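Have a look below at one chain only, the form predicted on its own, in structure tokens format.
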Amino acid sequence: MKEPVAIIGVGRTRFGEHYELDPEDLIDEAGLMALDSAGLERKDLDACYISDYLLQVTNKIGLEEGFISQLLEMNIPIEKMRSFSSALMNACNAIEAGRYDIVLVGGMEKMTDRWSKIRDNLMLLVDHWSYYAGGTPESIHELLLREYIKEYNIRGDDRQKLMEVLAKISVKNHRNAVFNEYAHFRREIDVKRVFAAREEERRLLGLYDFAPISDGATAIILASLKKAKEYANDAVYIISSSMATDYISYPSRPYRTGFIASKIAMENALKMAKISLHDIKLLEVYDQSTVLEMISLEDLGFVKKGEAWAKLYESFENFSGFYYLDGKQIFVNTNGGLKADGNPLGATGGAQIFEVVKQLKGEAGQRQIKSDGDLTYGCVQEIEGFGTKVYVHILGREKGGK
């Protein structure tokens, strides 16, 4: 990045089952909150970048740009992407190029409006071979876990420890969500419940290992550095954004014990930000399953390959709200992650950004982390498909570059 883009406002709805609300109700709530937090009005916006995966299917909204234009009663440039991170990256590029000064990035999804068919739609985000073979969204996560167990020869007591770690990840994220007023699930669970759900399914992974189907919307206001100084004294900066891709077919990939796209995106993001991995203490990772939270720590470089389960097992023995990795505290998914905060696809990345901004500004309330040093940087990982496309954003209270 030539110059970091500032986040001067954030907003979101509660995630959950919003049968009574239309998509415009959700994005309106999130967008107004973001504008209000930035001290702006609609007329101040130069452009909008929005995201959703499935509104064309779930709500028969075919041209989202016109939908948003009508909602705003404005004729500004509006572009639609699939994921929030894609919308965010394109908005940042436009601001860096000097095209716009103030941009709203928003995401929304109404997945429960197509409840009976939504899992069938989600299968299309993997690959058509898996789709026609009847592969469910959950089955491919179990394939990843089996590959991991096989590759690192995890057997006997170690395998039991691995399964306990995955259960405790779920328990940890539900506990974090108790203090998140916007979360889909604000109740604690225990390890016994996680194992009972697995036994009921007769699989390695059960109900409590996966993120739910959610509705919701998120929005952030981006500004150039020049404009940010006019509106905010405590802006959070996007000091780097990176993206990498991989084969759409998971079984065809030469590397199947994690996501190579996450590794590449993180390495490039760190180079762009000119900081080191050790500067980051706060992570929001894309935990569509408990397996992905564990493996993402390896892919992003915080743990050596094949060692995350053992390191997390040690951390959970005397757990105090963070993982202790390589001699430092790492706070992961403080909002409850996708697992408990919810996962309305087009809006999910915005919730991750929302959480990191709140934490960096010390505005996270009861879930505000207390680290063993200054909290200066946070990292967000968003995944499209099953590791097919991975975005990594590094946010900071400083502009990076050491």
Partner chain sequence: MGSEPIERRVAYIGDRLKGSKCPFCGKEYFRTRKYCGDCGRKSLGKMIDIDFFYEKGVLETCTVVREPTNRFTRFGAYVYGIISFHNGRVRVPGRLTDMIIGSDKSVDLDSLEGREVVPRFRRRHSVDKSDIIPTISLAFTFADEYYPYQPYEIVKPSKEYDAPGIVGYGVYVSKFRIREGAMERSVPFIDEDAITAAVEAGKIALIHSGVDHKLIGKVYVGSESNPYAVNPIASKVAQVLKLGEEEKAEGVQGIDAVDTEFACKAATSMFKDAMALVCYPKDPMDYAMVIGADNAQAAPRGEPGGELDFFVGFGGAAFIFGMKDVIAEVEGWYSCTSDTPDFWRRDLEPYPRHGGRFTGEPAYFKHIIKAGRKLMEKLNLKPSDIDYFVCHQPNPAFPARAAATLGFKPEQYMPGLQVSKFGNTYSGSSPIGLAAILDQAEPHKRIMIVSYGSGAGSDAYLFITTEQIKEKRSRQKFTVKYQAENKFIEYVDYATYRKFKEGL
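Keep in mind that this is a model prediction, so the values were computed, not measured. Numbering follows the first chain given and starts at 1.
Same protein, other form: the form predicted together with the partner chain, not shown, and the subject of what follows.
Would residue 176 sit within 4.5 Å of the partner chain in the predicted complex, counting heavy atoms only?
No.
Does any part of residue 250 reach within 4.5 Å of the partner chain in the predicted complex? Heavy atoms only, please.
Within the cut-off, so yes.
Should residue 77 be classed as touching the partner chain in the predicted complex when contacts are defined as heavy atoms within 4.5 Å?
No, residue 77 stays farther than 4.5 Å from the partner chain in the predicted complex.
Answer yes if any heavy atom of residue 306 is within 4.5 Å of a heavy atom of the partner chain in the predicted complex; otherwise answer no.
Output for residue 306 is no: heavy atoms all beyond 4.5 Å of the partner chain.
Single option in 188, 326, 158, 120 placed near the partner chain in the predicted complex, where near means a heavy atom within 4.5 Å
Exactly one residue meets the criterion: 120.
So which of 86, 288, 242, 130 gets a non-hydrogen atom within 4.5 Å of the partner chain in the predicted complex?
It is 130.
The partner chain in the predicted complex: contacting segment from 97-105, 137-145, 78-86, 218-226, heavy atom within 4.5 Å:
Correct option: 137-145.
Kindly indicate whether 116, 202 and 256 are, all three, within 4.5 angstroms of the partner chain in the predicted complex, using heavy atoms.
Every listed residue reaches the partner chain in the predicted complex, so yes.
Any residue of 284-317 with a heavy atom within 4.5 Å of the partner chain in the predicted complex counts; write them all down in order.
Stretch hits: zero.
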